[in-house]
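Next up: a single chain in structure tokens, the form predicted alone.
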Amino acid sequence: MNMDDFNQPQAQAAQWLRTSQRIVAFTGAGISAESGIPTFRDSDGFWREFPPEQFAHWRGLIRTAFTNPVRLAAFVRAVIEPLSVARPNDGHLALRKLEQHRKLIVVTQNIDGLHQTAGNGCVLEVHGSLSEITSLSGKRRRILTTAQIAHITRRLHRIQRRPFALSRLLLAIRPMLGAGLRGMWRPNVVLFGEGLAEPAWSNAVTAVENCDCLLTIGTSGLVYPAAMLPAKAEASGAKVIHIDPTEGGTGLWLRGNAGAVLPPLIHAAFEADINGVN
């Protein structure tokens, strides 16, 4: 793509990336939505069908398990089923390409692991990872495979409103949540009322305070404390580029989805120079 094909904000963003050495990409649900993973907060997101006061914290989840296990099975299935089939989209792959040109740290609010699947080397998951299973002490961890997630999804699908629904639910989700001889285990995700994942959060704050350019991609800016990161980057003197269909925040705003905006932006910032196009 020739730089003449860009509008002024796009050309400015390409120049900022080209002249930066330490870049942080801060991503939210928008980039994963392009891979078929529903968001939580949009008008058609999870929280519309599954109210957060019931499903976003352990107290509500445990209460629902005993009072309406079929409803909880529907929620767990809705969350994990897209992860069993989702693949990185052009936005994820563009960030992998960016990493080939500059030092890049990805800070993500997503729990789907798609940045790692795309090939990014340094990914800080501040809300945890649904595929990482941890003991309550946090000392023992293991990875839930895509095949295991798909198997859990199929078992949840078969649960119906009949006797023993709770026992069927507990058996279905046992690979990701349950008890064994070595204690309790759970998905390593951050629910309402819990602190952000460590050391990912502390490392993310350090990264944005030391970057010279921050890309925010597909994030609403409504989920705190993660939403403070762009302001921290600006306060430290970094340039901030927002990529989202909806305008918001200070800095440079590029309107559109990551899959449409990022690939030509990365090409213009680095590969166009290689071909002698300025």
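In case it trips you up, residue 1 is the first one in the sequence shown, and so on. Predicted, not measured: the structure shown is a model, and the values here were computed from it.
From this point on, the text means the form predicted in complex with a small molecule, which you will not see here.
Remark: none of the three candidate residues (50, 153 and 156) comes within 4.5 Å of the small molecule in the predicted bound form, counting heavy atoms only. Shown alone here, residue 263 lies farther than 4.5 Å from the small molecule in the predicted bound form, counting heavy atoms only.
The closest heavy atom approach of residue 212 to the small molecule in the predicted bound form falls outside 4.5 Å. Residue contact check for residue 39: one or more of its heavy atoms lie within 4.5 Å of the small molecule in the predicted bound form. Residue contact with the small molecule in the predicted bound form: residue 256 places a heavy atom within 4.5 Å of it. Only one segment in the set 129-137, 204-212, 186-194, 167-175 has residues whose heavy atoms sit within 4.5 Å of the small molecule in the predicted bound form; it is 186-194.
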